[in-house]
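First comes one chain, alone, set out as structure tokens in the form predicted on its own.
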Amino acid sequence: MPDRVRVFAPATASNLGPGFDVLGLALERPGDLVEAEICDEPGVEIVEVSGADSLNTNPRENVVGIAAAAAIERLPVAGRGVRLWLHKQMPLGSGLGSSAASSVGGAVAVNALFGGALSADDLVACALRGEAAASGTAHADNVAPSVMGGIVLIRASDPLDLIRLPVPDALRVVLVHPHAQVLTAEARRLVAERRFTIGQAVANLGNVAALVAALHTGDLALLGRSIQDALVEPVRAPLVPAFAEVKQAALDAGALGCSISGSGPSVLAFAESDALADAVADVMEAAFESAGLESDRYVGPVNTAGARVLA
């Protein structure tokens, strides 16, 4: 077993339009880096957090420490503990699964240090402890793809039932993050307080089913038609500056579909080639700029590897 490891845990996009809390995918970048080493004192110590001044090093409050402690509980550690270094490489409150990536990094690092006995489901369960502390609920649509890579369907959370869906070769992801922040807990509160009609629920059920079918058949046109959300997007759209303009610009440029990534403010779009993905990202950034917001773009294929120990 190694005495020290370095883990990359990727950012994620969740919901994918209609799949609130049940669909998510892993991005090639950005992602968090977690370094960990074994120590002779039991428990978890966070030595340093870089890249996020608002996060502290209390292992009972920082999600990387919470998830690491959950992994230690499941492993034969023989009275030993871990020291952690968290290097945040994405903004907080971004819709990129920031807390999930940190949680996953902590769990995967501990597992690698102590023999790697935990399954993907075990790692997701450990990381969910951190995610629940950050957002108030243990939703796996960010954590699961960060661990497993690819596009993941969460059929059930208790007990966990995770399904890795096919990723069409031509599918490209466009993620544009405006320099703004949406707090996940607040965005979830708005949804929890809303009451929906049976017609809205039926519309989303049809789109989730069609989206899954599109991934299995590689039908990207059907995938695009399925990126419609009658439930959550209308509630959260006011939290995302210039969302309507950004979405329309993406669709006008040829995006297959477009919606809010997670709680926002990042906006997710899909395209069927690298060139089209870059063109869609250009117009989305321009739309945010017209609203007075700088933004960052992440364009590329779905990350099918998930979290990994770096050489």
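Computed from a prediction, not measured in an experiment: that's the story for all the values here. Position 1 is the first residue in the sequence shown; the rest follow in order.
A second form of this protein, the form predicted together with a small molecule, is not displayed here; the remarks below concern that form.
The shortest heavy atom separation between D141 and the small molecule in the predicted bound form is within 4.5 Å. Contact between R129 and the small molecule in the predicted bound form is not found at the 4.5 Å heavy atom cutoff. Among residues of the shown chain, P265 is not one whose heavy atoms approach the small molecule to within 4.5 Å in the predicted bound form. R172 falls outside the set of residues with a heavy atom inside 4.5 Å of the small molecule in the predicted bound form. Scanning H87, R83, R225, R188 against the small molecule in the predicted bound form with a 4.5 Å heavy atom cut-off leaves one residue, R188. Listed stretches are 43-51, 242-250, 255-263, 273-281; the contact stretch with the small molecule in the predicted bound form is 255-263, by a heavy atom cutoff of 4.5 Å.
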